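The chain below stands alone and is given in structure tokens; this is the form predicted on its own.
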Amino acid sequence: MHAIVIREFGGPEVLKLEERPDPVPGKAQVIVGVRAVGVNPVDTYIRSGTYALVPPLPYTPGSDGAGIVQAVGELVRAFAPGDRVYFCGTATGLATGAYASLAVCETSQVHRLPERLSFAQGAAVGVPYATAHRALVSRAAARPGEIALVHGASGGVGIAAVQIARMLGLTVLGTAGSPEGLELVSRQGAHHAIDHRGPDHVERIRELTGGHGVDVIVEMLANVNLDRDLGLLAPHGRVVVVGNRGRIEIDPRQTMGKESAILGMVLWAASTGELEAVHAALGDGFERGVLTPVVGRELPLAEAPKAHELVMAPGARGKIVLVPAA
């Protein structure tokens, strides 16, 4: 099989396309012929060797993909060769094993891909949609009628958060940094799209809430926005920190009178049972057509280094996907 292999930590240049032995399924495992692979920012953090999760070298990066079941272990009954599926995680470890033409997965990591979704869209599900759902439901306990603000709403997690918040019955505000991104955010269901580059964007958000404030903030770049977020919250509001790239100084007094909360989250902390519930809810949304992943760009698997540069660049518009050679 073709696979991207990392033999040393470093920049995007350490991503190398190699030929590797085809995997064989264990008794309760599934082999997926990968048609598309999702690229997530966390893939770049792990590749650098400075993230909390440090896989042993060499390793194949990535956790998300979609394709067709090629083979199953003798104990597998839920899937059969030929099934269209997406997967979130592989049997090789956390956030590893997906950047390849074949992936070996535990059955709990594999989910049916509705016919209405392409393989590229299926590859955009795993980390983005599970993260957004967990942020809004498990961590923030968002309720219908509340106001949600999604920072960086034009990226993979942002689009998922906008769609899921609408599905939950929230009023949704989404920020983006380009005209194209703002148009995309509106098209995905945000009631209001705000240019976060504008000098008055914080006051604009306050105005749009009618002075109530924001009940839930899904924060993709806490090191830039967190202190401002605390000032935007409604009484008992919650900020869920999904992404952060450095330190920031905040004024904790802003949390006191409102009894607001800063909630951290990482997808890897979810239990198997919690993830099963998340993907059951997502599957229902995909089947009903209220959730639809947006793919911004597709690149050949060999261009993984370029994909790692793009996923960290500002101005994201949808998911970046790698396509293994047939």
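In this text, all values refer to a predicted model and were calculated from it rather than measured experimentally. Residues carry their position along the shown sequence, with the first being 1.
Another form exists, predicted together with a small molecule; not displayed. Remarks below refer to it.
Contact segment among 90 to 98, 214 to 222, 68 to 76, 111 to 119, judged by heavy atoms lying within 4.5 Å of the small molecule in the model of the complex: Of the options, only 214 to 222 has residues within 4.5 Å of the partner.
So which of R84, R238, H196, H192 reaches within 4.5 angstroms of the small molecule in the model of the complex, heavy atom to heavy atom? Of the listed residues, the single hit is H196.
Go through A103, A153, A165, A123 and name the one with a heavy atom inside 4.5 Å of the small molecule in the model of the complex. The residue in contact is A153.
Is A307 close enough to the small molecule in the model of the complex to count, meaning some heavy atom within 4.5 Å? Outside the cut-off, so no.
Is there a heavy atom of L17 no more than 4.5 Å from a heavy atom of the small molecule in the model of the complex? Taking the distances in the model of the complex, the answer for L17 is no, it never comes within 4.5 Å of the small molecule.
My question is simply whether G11 lines the interface with the small molecule in the model of the complex - judged by any non-hydrogen atom within 4.5 Å. Because no heavy atom of G11 falls inside 4.5 Å of the small molecule in the model of the complex, the answer is no.
Give a yes or no for V42: in the model of the complex, does one of its heavy atoms lie within 4.5 Å of a heavy atom belonging to the small molecule? V42: yes, in contact with the small molecule in the model of the complex.
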